[in-house]
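In structure tokens, one chain follows: the form predicted alone.
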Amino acid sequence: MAKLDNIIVVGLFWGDEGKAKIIDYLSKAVEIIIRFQGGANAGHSVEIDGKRYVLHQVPTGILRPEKQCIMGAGTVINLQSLIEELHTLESQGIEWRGRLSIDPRAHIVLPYHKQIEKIFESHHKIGTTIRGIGPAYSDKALRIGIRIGELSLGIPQIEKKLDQWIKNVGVLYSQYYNFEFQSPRIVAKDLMESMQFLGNIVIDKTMYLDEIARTKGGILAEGAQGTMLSINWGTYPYVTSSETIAGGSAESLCMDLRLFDRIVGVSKAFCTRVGMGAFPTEGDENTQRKLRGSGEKDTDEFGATTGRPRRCGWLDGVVLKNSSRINGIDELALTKLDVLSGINPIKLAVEYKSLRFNIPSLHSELENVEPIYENFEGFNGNITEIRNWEDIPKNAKLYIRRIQELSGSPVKFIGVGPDREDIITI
């Protein structure tokens, strides 16, 4: 039997590129899907036969029966939210037991972390989801976090660690903000009760994954958020708290990056962003209204996690080129091409005016760049039934070819509608 490809899928912009649709599609040809970073701040949605499934922490591959799913060491786990998500999947007929596991090195998002992030957002607005993700990663970096594998030590040990956290860290917030944190005893008890529901889900599969990647293949590494939200390479400080680029997958999965055969970058046919931060190609009110939709459809541009309306604008070819380069993209997936039907002209930013470097390191510089656009004549009609490149409207083809030129990577997948099957494969 031929060896299956090992694949990495990453977003190329500020998240919400439609990665879940592409991951779900590619999951047909792999055996194991691994989420390599992020937490409940993600919102991956897939529509199947008119029914919408929204995932936050569970890998998208769970929607494919018999596929194995892993939450990697680079993720941060909110156990209460995870259980709620699993209950929802069960109610939708998705069986997860025996198919989902968590690396014991993944850190836990504590109730304290959500409280801290709420304090941060009230004083220094970034536009986070207030899911406690940043503080959880902060504790990880400070070496005071709790890994999910440590829950096997029992309530007394966990309570002791939480009590130490309150004395060393929590006291600072309590004194400065006059804030009271939940009792370590209660938090430890809740964590252990959550683990009882989850059962034998914490398993170290790093050596197994290495062997599979080298022999059979068929591993898909699923990223959350997008390249421009990378803690290192994104629009800092308006970024997420983990490494979102392809290299972050090897870090989280303890795998040689060279074992991956393909890196697939996902981009919408236009740009969106949620929260604060630079957005060079953000459209005017009229353009945003056309691209965003009214909110009546599940696929309109409103956050799957927060419900917030997304900021919308034209595709930024400068960001596309930069993200394709630093991720080493082999193939490009372009989603939501159907949204552009009826819009004329369609604009595409190809460079920034009077800027020496493509993407400046300083956020203040990126905020003030002036995009230079190329205009493309629009196309009309419903393209959701199209499944072949030959049938795509001529003007849409011209637009896609220019995107290929800018990215330096071939467009292999084109999303033309909301359903999982509304994809053109080239």
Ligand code: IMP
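All residue numbers are counted from 1 along the displayed sequence. In this text the structure is predicted, and so the values were computed from the model without any measurement.
Beyond what is shown, the protein has a form predicted together with the ligand; the following relates to that form.
Trainee: Here the chain is shown alone; which of 117, 243, 331, 301 has a heavy atom within 4.5 Å of the ligand in the predicted complex?
Mentor: Selected option: 117.
Trainee: Counting non-hydrogen atoms within 4.5 angstroms of the ligand in the predicted complex, say which of 264, 274, 79, 187 makes the cut.
Mentor: That would be 274.
Trainee: Residue 322 versus the ligand, in the predicted complex: is there a non-hydrogen atom within 4.5 Å?
Mentor: Outside the cut-off, so no.
Trainee: Even though the ligand is not shown here, does residue 371 get within 4.5 Å of it in the predicted complex, heavy atoms only?
Mentor: No, no contact at 4.5 Å.
Trainee: Is the gap between residue 16 and the ligand in the predicted complex 4.5 Å or less for some heavy atom pair?
Mentor: Contact check for residue 16: yes, within 4.5 Å of the ligand in the predicted complex.
Trainee: May I ask you to state whether residue 214 is within 4.5 Å of the ligand in the predicted complex, using heavy atom distances?
Mentor: No, residue 214 sits far enough from the ligand in the predicted complex that none of its heavy atoms falls within 4.5 Å.
Trainee: Tell me the stretch among 62-70, 361-369, 395-403, 35-43 that has any heavy atom within 4.5 angstroms of the ligand in the predicted complex.
Mentor: The contacting stretch is 35-43.
Trainee: Any chance all of 126, 129 and 239 sit within 4.5 Å of the ligand in the predicted complex, going by non-hydrogen atoms?
Mentor: Yes, the whole candidate spot contacts the ligand.
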